[in-house]
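Structure 1 and structure 2 below are the same protein chain in two forms, each given by itself as structure tokens.
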Structure 1
Amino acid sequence: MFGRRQIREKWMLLVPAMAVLGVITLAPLVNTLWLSFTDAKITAIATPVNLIGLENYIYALTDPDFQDALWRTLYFTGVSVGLEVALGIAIALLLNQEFRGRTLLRALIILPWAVPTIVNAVAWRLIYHPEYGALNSLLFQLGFISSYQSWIGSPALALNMVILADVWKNFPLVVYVALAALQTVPGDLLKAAAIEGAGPWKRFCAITLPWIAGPLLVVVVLRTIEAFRVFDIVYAMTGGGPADSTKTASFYVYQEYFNYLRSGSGASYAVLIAGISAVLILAYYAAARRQDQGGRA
């Protein structure tokens, strides 16, 4: 049914979107790549910019502070996503049971997702407050701690406390994906396994989990991509501190750009981060494609 007119139209319909994305994302990406090979700085007066080859990269790759920030980011990503998935599956299994109030509980789960990231950060910061925070008071009055803790003021704890706040905001997505997947698990199969004498745990491992693994894998990779670029929650909760213990990779580059004004050097860090993200994005497409084909088969 397609004439020549419609083939031309195929592109005309796409041009506005391509133009916007080209200018706002592709051009800056190329520009960042170029900057990373220069000694550019953010200055009030225009200064000549020199190409310095791989110097920024050599520095970035041997910079122990940046390596720390990267490991920190990977720790944040791994623990955050891991907890979200464990919690998400557990809650989805619960919501898949029949009980009074299930509809209400399913509706409530969306609330953390709806809370703006910055509000989430600020709310938890107040909850973690070393003197007046609800967490200290609650744990103290219940007898779990004998003295008030400085939750986000201590380098050993801070990152984990940020993770807890992040998990609280982001677990709903996993719940809903897992719940949707659980509804496709064939009940007959589970019943048959129960008759054969398989216990709940065995049925979960042998039937349910493999059945929902496809969609879960996709959402896991997606959450990994999002968690890896973490910035907002760190900015509003801890500002990267104390003692850099929550300074993530994106935060590191932010400071290199806007505190130290080294755009060339910052760009090389940004390119390295983008490279890692690119690998994750490819993994996402691989997972999503497999899922899509599996769904059709």
Structure 2
Amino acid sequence: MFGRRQIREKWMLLVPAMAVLGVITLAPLVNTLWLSFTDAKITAIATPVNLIGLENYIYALTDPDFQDALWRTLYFTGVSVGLEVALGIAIALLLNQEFRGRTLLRALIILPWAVPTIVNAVAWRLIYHPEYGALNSLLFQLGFISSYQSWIGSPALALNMVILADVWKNFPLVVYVALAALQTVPGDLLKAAAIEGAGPWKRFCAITLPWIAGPLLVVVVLRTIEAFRVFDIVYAMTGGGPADSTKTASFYVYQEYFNYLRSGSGASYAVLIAGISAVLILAYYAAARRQDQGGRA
């Protein structure tokens, strides 16, 4: 009798949270799925909505512009997350050393991550400005360029410039996770390897990196999900241009839904992006599981 009472109390506590979760998560998801199978449009006057089956999905999967946006998003995700991890580990290793002012640097390194994304995007737009931007001034004074460049006005450069701004904002997250993981690396093991003749690079590859791989995998998963659905920094810096060179998949969905007012096809694009994100997450979790099983073996 006491067990049933405990179970009933648990459900009474869980039901409000589950109801809120259902309203704010499941209801929009179900509505988006339903819209993706219709020809719904956003109009001022109510119009009938017809079920059209898989027509939106077939159109989306054969749409060359959407395919280009997906490849662009994968490029953005791979390059930005890769640079953030490499830069974050390097700076974490530096901050893990004993030197004067280390505590102050550890505190300052979090500042880029604390800046709102829109503020970061506007700041980098000013840095990239073709007439009075700081980047042009610096490179011109150092002699690396002979004339000022339009960094985000060139289709060949714009996406890489957005990636640079995104890396600057998000690498501190990797730094802090890696730095926390480095505190758990056994110092005796590193000293023993050094006595055996292992150099710094070999000690890093053989001991340090495998030791911090687990925490790093978590932050890689989080950053991959965020990078794959990138929208705000692109919207604020380039608006998807020039010549669609920075139009990512999420930006494509935004245009389909709110510019062209095609909510049915926009929903199908959104479902496809969510499906690809789910595949990426499952791949990372599979990798983490293999690593965990390898560590236990």
Partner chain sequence: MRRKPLHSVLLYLAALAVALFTTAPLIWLAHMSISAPADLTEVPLRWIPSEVDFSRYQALFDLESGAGERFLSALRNSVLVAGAATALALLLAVPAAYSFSRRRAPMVLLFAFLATIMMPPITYVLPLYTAFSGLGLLNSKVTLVIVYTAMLLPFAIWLMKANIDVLPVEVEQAAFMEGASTSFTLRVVVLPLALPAIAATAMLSFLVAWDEFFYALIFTNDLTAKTLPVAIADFAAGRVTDYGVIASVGVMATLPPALLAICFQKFIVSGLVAGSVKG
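Fair warning: this is a prediction, and the values are worked out from it, not measured in the lab. We call the rigid core the largest set of C-alpha positions that still match within 1.5 Å between the two forms. Each residue is numbered by where it sits in the sequence of structure 1, with counting from 1.
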The form predicted alone: 1 or 2? 2
When the rigid core is used for the superposition, does residue 16 move between the two structures (threshold: C-alpha shift of 2 Å or more)? yes
Supposing the core is put in the same place in both forms, how far has the CA of residue 283 shifted between the two structures, in Å? 4.5
